[in-house]
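Form predicted on its own, single chain, as structure tokens, below.
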């Protein structure tokens, strides 16, 4: 399957569009002139955030029957879905755990996964697999925001991050993408920094600038560690659409070194070969 350079006539689906990275991806796509469709569980939240400048489809990656309407006729998919690495209210427990159950949860990660509806297993593994299965066969690119440490899950500090299986789940999500034979770009950021986190204001998203003073570093083989600006991660998602050399690549992204006036994405992507 041939990977094509993106055109602003394309229709890009963003899953996880109201999250920290996702909302910045949407803002960057709109800035570039793309047509954007967002997949969301909460239409009112998306409408408030994006001010009717995107097409909104209500759906849930955990529910395959809701996905065909979102993926129909799209040319690229950018998946920024995710949940917290450790048990929290965002895991959507069927019933709020009592004190004893919280103790069991932290001693037995498998118990927490079974009790939650929005855990990494449901979102980063099964949800991503469902979205891949619903993607058009002629999709030009599937971009997935994963995480550093996928191949270092047994090494500190990633062993701590993976205590409740978030890296295991993201790895399964990655595998479903690669095995699909769709053209893909998998981006593994370091620890995410910079906002806005919940802007609800498209004008703010379009003006968002990285607060870090460091440059962008890409690497392969899961060797990098450090912080990664959400803004630079979002830029990497969108910029990779324009460079076929970034297709069928898995790379890490962190912020290190002196920051140049302009990030040269073409050179960064070429360096992955």
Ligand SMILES: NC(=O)c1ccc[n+]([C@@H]2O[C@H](COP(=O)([O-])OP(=O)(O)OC[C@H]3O[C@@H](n4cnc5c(N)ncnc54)[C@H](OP(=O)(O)O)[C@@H]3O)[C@@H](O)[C@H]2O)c1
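The structure displayed is predicted, hence computed values, not measured ones. Numbering follows the first chain given and starts at 1.
One more form of this protein exists, namely the form predicted together with this ligand; it is left out here, but the text below deals with it.
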item: Segment that reaches this ligand in the model of the complex - one of 68 to 76, 133 to 141, 146 to 154, 177 to 185, heavy atoms within 4.5 Å; value: 146 to 154
item: Interface membership of residue 162, this ligand in the model of the complex, 4.5 Å heavy atom rule; value: no
item: Partner contact for residue 239 in the model of the complex: this ligand, 4.5 angstroms, heavy atom; value: no
item: Heavy atom of residue 255 within 4.5 Å of this ligand in the model of the complex; value: no
item: 4.5 Å heavy atom contact, residue 60 to this ligand in the model of the complex; value: yes
item: Sole residue of 245, 45, 32, 35 within 4.5 Å of this ligand in the model of the complex, by heavy atom; value: 45
item: In the model of the complex, residues of 229 to 253 near this ligand [heavy atom within 4.5 Å]; value: 230
